[in-house]
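One chain comes next, on its own, written out as structure tokens in the form predicted alone.
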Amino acid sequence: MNRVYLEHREVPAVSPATARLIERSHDLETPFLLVDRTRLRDNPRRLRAAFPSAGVYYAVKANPHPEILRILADEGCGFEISSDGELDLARAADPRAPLVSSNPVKAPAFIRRACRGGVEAFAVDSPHELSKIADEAPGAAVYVRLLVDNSGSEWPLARKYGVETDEAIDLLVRAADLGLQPLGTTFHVGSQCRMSASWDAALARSAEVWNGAGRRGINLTFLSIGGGFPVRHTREIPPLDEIAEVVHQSIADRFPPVVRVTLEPGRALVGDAALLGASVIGKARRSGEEWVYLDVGVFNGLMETIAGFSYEVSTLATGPRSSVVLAGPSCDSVDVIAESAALPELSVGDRVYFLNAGAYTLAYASHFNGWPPPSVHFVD
């Protein structure tokens, strides 16, 4: 197995687990997503070891494959859901799994169904959402989504959702006035967050809300620290134990002795449990650049690359490496996976592997231009 280069950065050789997945994928037609059940079972155990008293709610959006949900339910995970479709998938995986809904904007019909389907609590970040929940699910439990710094993440999520601390306190008070149960707060430091200090800063903002709500007669008990826990790609990430240490210390310093803590990981549970395989379908030289085209691209499996997200890439081909533009198969000019991937000389039919590709590959994939999403396979 050759060493891998992407955007002129040297990346260590693949792990034995990844080499095993590549070896076991030889008979699969591309594009494929090969999921390692063993790693999928290990990941919730690792999170529980790092956060032993926290509830783990898998963010179904990361990869909604029914077999993945079933395995995570068997490992004791609850589910974080945002739609009727995710509610159906979660209940099919485990009719008794605990559920929360942390999307701050929900369809009225979903709120009604989710309340009947056992969702414990709903996130909010506007007076409109509070009124909607009060109408559709009277007496429901709610928690407020805070606006926190996402600068440490590779996929920021801050602009679309979240409120400042003063507004959060007002929303909790209004929730009580509407007959709802104001439980606590949630935040998201951004997907693939590479700064452990981001959780400390977000927890400091959460504590401001807890203290302010307490002064107005609202005693909170529920503290969701969201997701954002990173998986190794092309840049260094903090160890999970380091993030956990920061979180535990921050909670001990700022919150009451008895507080219910939950996590909502997506990428951290499934990201490193799968390998995405593709084949070279064409090559060209354009304006002095070498282009390599694959049968998977932005629209049918690698949507995150559209915003600059980078994967570790491997191939069984050997030889000197040079910079190529790595592109997908569709007719759309946006379908470019990497502007500068350093790879050995490849021929049509050679395979290229995207490592740690279990999250947001299958979930985003479409049939645009007639190219299919990756087929999904499992190994033990």
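Every value quoted in this text rests on a predicted model; they were computed, and no experiment measured them. Residue positions are given as counts along the sequence shown, with the first one as 1.
Not pictured, yet referred to below: the form predicted together with a small molecule.
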{"item": "In the predicted bound form, segment of 174 to 182, 248 to 256, 226 to 234, 277 to 285 with a heavy atom within 4.5 Å of the small molecule", "value": "226 to 234"}
{"item": "Listed residue (Met195, Ala137, Ala73, Leu157) with a non-hydrogen atom within 4.5 angstroms of the small molecule in the predicted bound form", "value": "Leu157"}
{"item": "Answer option from Lys61, Arg39, His65, Arg351, heavy atom within 4.5 Å of the small molecule in the predicted bound form", "value": "Lys61"}
{"item": "4.5 angstroms heavy atom contact with the small molecule in the predicted bound form for Asn150", "value": "no"}
{"item": "Contact test in the predicted bound form: Glu264 vs the small molecule, heavy atoms, 4.5 Å", "value": "yes"}
{"item": "Partner contact for Ser191 in the predicted bound form: the small molecule, 4.5 angstroms, heavy atom", "value": "yes"}
{"item": "Contact of Arg145 with the small molecule in the predicted bound form (heavy atom, 4.5 Å)", "value": "yes"}
